[in-house]
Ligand SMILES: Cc1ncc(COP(=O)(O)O)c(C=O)c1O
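Single chain ahead, by itself, as structure tokens, in the form predicted on its own.
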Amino acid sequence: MKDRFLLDPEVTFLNHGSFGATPREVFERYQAWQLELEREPVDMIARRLPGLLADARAELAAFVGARPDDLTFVENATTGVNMAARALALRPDDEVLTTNLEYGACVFTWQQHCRLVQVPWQELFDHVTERTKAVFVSHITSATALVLPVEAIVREARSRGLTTVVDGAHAVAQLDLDLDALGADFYSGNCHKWLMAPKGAGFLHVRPEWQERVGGAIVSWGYEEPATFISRTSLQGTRDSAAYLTVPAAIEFFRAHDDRERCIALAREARRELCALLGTEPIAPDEMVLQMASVRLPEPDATLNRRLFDDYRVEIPVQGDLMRISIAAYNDRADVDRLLFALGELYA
């Protein structure tokens, strides 16, 4: 599988979770869409693009268990979270309840709109007050790489009359999704991570009762009446939509090469061996870990990821006292062994 990707063969790439990596054949389809745009920009943008985007949305919707008209393309999951936050029309004294494991960019998003209350996920509903308007939670957390019980959280929030916003940046193609069954009011996801589409391909799924309140990232021609959720969020000025149009090719590649079972087993095995080497305890049970796994370091080390890259050509993220390993389809046991060797020398 390594030869099917464009990654530098001299680097042991264990950081798929940050930005993903696109297979050669998917990237070639992406470039083909870009070429079509440049050969006849007016025909592509003014005449063909709406139908092409609708076809791509339909394929993505089938993949994530949704109706095509409840889903719109966005550049990334953070953009979708911003659009959801604006749709809620929160006041500064309103509260949004979330966990203390959330992605920093989305934390900043909510702090611009309201009072954000961050608590351990197990205690989430112990902190509901009369000012609580919504619950925001990651399906799979970023730094700690934990699968949270989103189904139960959404169900409990709905029973309390609270709006739910889910950050699914890491969930698409790590988990089999059924967004209609999940029932979150807003679900924002990335296609460029584990689905391996080109960078700049994400989506926002919105329940029908909220769609009239959702605007585009910018106000443009999609607001001309009769405006719809899809028109407002799709007609966003002149831009390259090739990443969106390539999502069906990414889905096709993923289905042909779905290797999640092996990857999950290797990620869990690597986590156990890393904990043993570093002398730290696992941060959660195995069932909360899929293709990403975070381990605690003996102490925070701001230079570790740079030393691993410069001295051993191992690409892996370190944040505070956490190191996160990702196992994608192109990773194998040799990659894990190279990381263990490097850490063995650094911590000798």
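Quick caveat, the model's predicted, so the values are computed rather than measured. Counting begins at 1, following the sequence as shown.
This next part talks about the form predicted in complex with this ligand, which is not shown.
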ask   = Among the candidate residues Trp121, Trp210, Tyr103, Phe253, which is the single one with a non-hydrogen atom no more than 4.5 Å from this ligand in the predicted bound form?
value = Tyr103
query = Can you pick the one in Val247, Ala184, Ala169, Ala270 that has a heavy atom within 4.5 Å of this ligand in the predicted bound form?
reply = Ala169
His192: touches this ligand in the predicted bound form, heavy atom cutoff 4.5 angstroms = yes
key: Thr72, heavy atom within 4.5 angstroms of this ligand in the predicted bound form   = no
ask   = According to a 4.5 angstroms non-hydrogen atom cut-off, is Thr132 in contact with this ligand in the predicted bound form?
value = no
inquiry  = Is it the case that Ser234, even though its partner is missing from this view, gets within 4.5 Å of this ligand in the predicted bound form, heavy atoms only?
reply    = no
note = Within 4.5 Å of this ligand in the predicted bound form, heavy atom basis, the matching stretch of 75-83, 155-163, 273-281, 223-231 is 75-83
ask   = Can you name the residues of 15-53 that have a heavy atom within 4.5 Å of this ligand in the predicted bound form?
value = Gly17, Ser18
